[in-house]
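Next comes just one chain, in structure tokens: the form predicted on its own.
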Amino acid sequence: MQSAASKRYHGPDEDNPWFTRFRYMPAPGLGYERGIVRRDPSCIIQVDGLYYVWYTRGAHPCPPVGHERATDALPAMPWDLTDVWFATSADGHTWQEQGPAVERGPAGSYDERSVFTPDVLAHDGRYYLVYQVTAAPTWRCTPESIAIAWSDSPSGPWTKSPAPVVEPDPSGEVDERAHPLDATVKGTFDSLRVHDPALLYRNGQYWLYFKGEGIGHSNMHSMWGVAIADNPCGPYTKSPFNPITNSGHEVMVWNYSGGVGALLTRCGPEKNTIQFAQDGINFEPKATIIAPPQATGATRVEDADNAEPLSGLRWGLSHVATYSAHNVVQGHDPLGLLANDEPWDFIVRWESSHHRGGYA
């Protein structure tokens, strides 16, 4: 006879090739700095022996003041009034900030208010950045969309798409200044905002994964979707299977063995799990983990080095969100730095144990 727990038991975590642990360390050049927000790092690519990363950056006169007090100069949230910057590193530890890659657009443009949360894809000699955008003004229910920019060099210059390539579903009704839960008509999981884009090339197409936030839904009940295109600049068609996860906050995905690995954190019944979908859509949990990196970007690996499930999750960068005491409660201050006297988000390095007896 066996208990239900015994029947579910498949051996210790260390025997599971999808299981890992994380450790954290400073990322000099991208660390805490009063008056500067650095967060939401992209995945990391290596070009001619140099590592590149893109991230959200803002120089603000004060910490976030909330939507009701925000102005053209005062940020509502840490990611408000920001641009996408990039940095380089010879060793993946110490970083040199290089400057802006994609900046906010002029008054009246679709990306006037903020440009943030990027990810990068290098493919066929060209580089693609996907990122979130907002128009002005900003309120609790201001929609957010996903745009793309491209360049022949990781250092730019970048050409921005003339319009967003993925937008919220046009369902649901809510006053722009209200809370999403005060909806008069509830919308789909991505009816308010499409967030945290991550772009993969697979099976001859471009797969743009994103997090959805819906009208009438809590932002902590987020799920993921995917939109697919034959051309990196679109048009993108959302999958009829969306949402493709029931959990997960910021999106982190990587190619493996013809399928897609995923790190789901923070939100939903399957939060803090590593999952896999052979078809890129039907994800199944493979391992439960603790203290995963938040808003993370991992180092992209070449196909020849992609021999194990977690080859695409060896090391990378993530942020420490200092504006919320919630991070302390959840253990998301891995370096014990939230004692700083002002909340300015910053970036740290993480390494994975990669399950086989050692860190990267």
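Residue numbers here begin at 1 and follow the sequence given. A quick note: this is a predicted structure, and the numbers were derived from the prediction, not measured.
Not pictured, yet referred to below: the form predicted together with a small molecule.
**Q** Does the 4.5 Å heavy atom contact test between residue 211 and the small molecule in the predicted complex come out positive?
**A** So residue 211 counts as contacting the small molecule.
**Q** Examine residue 195 and determine whether its closest non-hydrogen atom to the small molecule in the predicted complex is within 4.5 angstroms.
**A** Contact check for residue 195: yes, within 4.5 Å of the small molecule in the predicted complex.
**Q** Does the small molecule come within 4.5 Å of any heavy atom of residue 119 in the predicted complex?
**A** Answer no; every heavy atom of residue 119 is more than 4.5 Å from the small molecule in the predicted complex.
**Q** Is residue 111 close enough to the small molecule in the predicted complex to count, meaning some heavy atom within 4.5 Å?
**A** No, no contact at 4.5 Å.
**Q** Select, from the options 243 to 251, 150 to 158, 223 to 231, 275 to 283, the stretch whose residues sit within 4.5 angstroms of the small molecule in the predicted complex by heavy atom distance.
**A** Stretch with heavy atoms near the partner: 243 to 251.
**Q** Among 131, 86, 206, 79, which has any heavy atom within 4.5 Å of the small molecule in the predicted complex?
**A** Only one option qualifies, and that one is 79.
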